[in-house]
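One chain comes next, on its own, written out as structure tokens in the form predicted on its own.
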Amino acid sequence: MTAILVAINLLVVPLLLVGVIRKVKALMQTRLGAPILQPFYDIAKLWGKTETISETASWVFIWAPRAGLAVAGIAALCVPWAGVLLPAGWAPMTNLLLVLYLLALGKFFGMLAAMDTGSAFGGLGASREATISLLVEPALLLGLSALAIGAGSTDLNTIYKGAIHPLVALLVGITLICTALAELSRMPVDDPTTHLELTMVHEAMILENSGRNLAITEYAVALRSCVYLGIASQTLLHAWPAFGSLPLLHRYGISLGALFVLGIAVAMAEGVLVKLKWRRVPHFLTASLVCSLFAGLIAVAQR
């Protein structure tokens, strides 16, 4: 049963989440929008197209997106973002430090591919992506460390097996949502639908991608979206003491429901928020850092 749920998590849920977010954003703009299953059609269409590769690009541009997808897949497998806990033998792979830097490694491959073509916009996007990652890392690490202090372990399965102190869960949940918006280049940090190259972050990095490379990149982003938003929803759900003791299918259904509710909330926020000026982004991420710091202090006091 666990294997079936993990397969659904890796193959179906990521693109379905993207489709739901796009549909809600379209409805908020009083448009009908594309079908919810449109991301599946897009990936299939891109997979069958030929690639246009710059003459200045090397093998790095071709293989970096594939390495990034592999890293995102491993992270999505190790993180219990949908309430599916892995067996105890996976403990070394589900360590929060390993997972965090696996996700960072995936972004590193994306930045390599963006810079490899020599495009000015690719270099600009990679530079901004690196800056955002630098600002996000302390908040993300402190927030998950606060959960680790409460659980007495850095293993994510152990952390999300029991209940989390409600106030810690709330503060860390806010931290994870804010950092997820930054890591996924969504509003108010970046506008994923912008056509202004000078304001792009993620979109500037993938301007040179086409065909299979673009399909792989988009799928890796969908996987990372599930990991970041899923772990945020799991943190909030574990403020409910009885959640961890529910049967697997009940826990899985509630987890998916919470994930999609959070995705809908992100889409609704993007419908009303405006993109922050670049110099305001550090202030936004500092607020999440403060939340994670308070969560850590409360977790230490509860020990």
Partner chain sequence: MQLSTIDFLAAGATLLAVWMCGTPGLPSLLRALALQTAILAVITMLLGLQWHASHYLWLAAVVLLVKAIAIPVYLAHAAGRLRIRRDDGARLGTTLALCGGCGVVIISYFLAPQIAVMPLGNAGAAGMALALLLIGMLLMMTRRLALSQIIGFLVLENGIFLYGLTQTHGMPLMIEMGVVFDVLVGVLVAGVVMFRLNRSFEHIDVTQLRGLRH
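Positions refer to the first chain, counted from 1. Predicted model, so just to flag it, every value in this text is computed and none were measured.
Not pictured, yet referred to below: the form predicted in complex with its partner chain.
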{"query": "Stretch from 143-151, 224-232, 74-82, 167-175 whose residues place a heavy atom within 4.5 Å of its partner chain in the predicted bound form", "finding": "167-175"}
{"query": "Proximity of Ile298 to its partner chain in the predicted bound form, heavy atoms at 4.5 Å", "finding": "yes"}
{"query": "Contact test in the predicted bound form: Thr2 vs its partner chain, heavy atoms, 4.5 Å", "finding": "no"}
{"query": "Distance check, Leu11 to its partner chain in the predicted bound form, heavy atom within 4.5 Å", "finding": "no"}
{"query": "Contact of Val20 with its partner chain in the predicted bound form (heavy atom, 4.5 Å)", "finding": "no"}
{"query": "Partner contacts in the predicted bound form for 37-65 (non-hydrogen atom within 4.5 angstroms of its partner chain)", "finding": "none"}
